[in-house]
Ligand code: NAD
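Quick heads-up: it's one chain on its own, the form predicted on its own, in structure tokens.
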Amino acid sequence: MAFYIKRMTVIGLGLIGGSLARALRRKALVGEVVGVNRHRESLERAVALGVIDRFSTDPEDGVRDADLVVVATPVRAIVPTIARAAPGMMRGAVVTDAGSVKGRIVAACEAVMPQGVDFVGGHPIAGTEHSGVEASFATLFEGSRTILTPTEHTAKDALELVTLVWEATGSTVETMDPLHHDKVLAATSHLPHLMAYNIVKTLSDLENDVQSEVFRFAASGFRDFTRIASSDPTMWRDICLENREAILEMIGRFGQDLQTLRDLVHDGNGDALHQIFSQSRATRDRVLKIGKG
């Protein structure tokens, strides 16, 4: 089914919001794109880059007459931003977000929707370690997955539109219960980011003479594993606070497994270590094969 968005407003014009605007522009699926950010300088850069046509620093003003409103702010700003923008939304508009936490956010956003305006929770699972509209590019979502989290309150036509929008970017769309989404993402995304941040902290806290040698001889494995520790600190602070319970559960599970490894190393149990490493390698190979499929 074809679609065309006459006016789209993107609130939080960074990597995700900017890349979505670029992708839809490239395929001529959107007319006017309005950007909303707190900082005027980033909006002026977005105009100069051709990502948006015009901008506003006021969410209520920026969403006027928009057919689709996409909120791509840090997760703790999503609900208050949508609440501020709500009085300016026109009847028939569809609102979606791009946050990686969904449970409380979806319920709160649905509660503040004006009459005749529909909300669809969304989470494009794509990104890089870079942030800002300058880092955005039209092909970011190609080959990715996007999770939409409809509820019993989600309008069918609104869900269909948001599905078509993300599919147009080259992403495969799946639906999931909001709370289940948060448990899955705590394991697949949130915990790995915390691990990357923490290993860099551990190494940076070593004694100065050891630390200098560690970072001097850091190999490609270190760079690959810790790449995501270059992600936006504000975004990840908010994710940890917003998805606290699910993340704490995963940290607990990981801590138990790490203690097991410690004990095996301490005891010199090479057979058990080899078994764990072999199982982990097989699991990773299987996951990567599924991902390619």
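Predicted model, so just to flag it, every value in this text is computed and none were measured. Don't overthink the numbering: it's just position in the shown sequence, from 1.
Not on display, but discussed next: the form predicted in complex with this ligand.
Enquirer: Quick check on residue 99: any heavy atom within 4.5 Å of this ligand in the model of the complex?
Expert: It does: once this ligand is placed as it appears in the model of the complex, residue 99 has a heavy atom within 4.5 Å of it.
Enquirer: Do residue 151 and this ligand come within 4.5 Å of each other in the model of the complex, heavy atoms counted?
Expert: Judged by the heavy-atom cut-off of 4.5 Å, residue 151 is well away from this ligand in the model of the complex.
Enquirer: Taking this ligand as it sits in the model of the complex, is residue 38 in contact with it (heavy atom to heavy atom, 4.5 Å or less)?
Expert: So residue 38 counts as contacting this ligand.
Enquirer: So, residue 235 and this ligand: in the model of the complex, are they within 4.5 Å at any heavy atom pair?
Expert: Close contact exists here: in the model of the complex, residue 235 approaches this ligand to within 4.5 Å, heavy atoms only.
Enquirer: Pick from 126, 168, 79, 117: which has a non-hydrogen atom within 4.5 Å of this ligand in the model of the complex?
Expert: Of the listed residues, the single hit is 126.
Enquirer: Report the residue, out of 87, 132, 143, 92, that has at least one non-hydrogen atom within 4.5 angstroms of this ligand in the model of the complex.
Expert: The residue in contact is 132.
Enquirer: Out of 252-260, 221-229, 62-70, 30-38, where are the residues with a heavy atom within 4.5 Å of this ligand in the model of the complex?
Expert: Answer to the contact question: 30-38.
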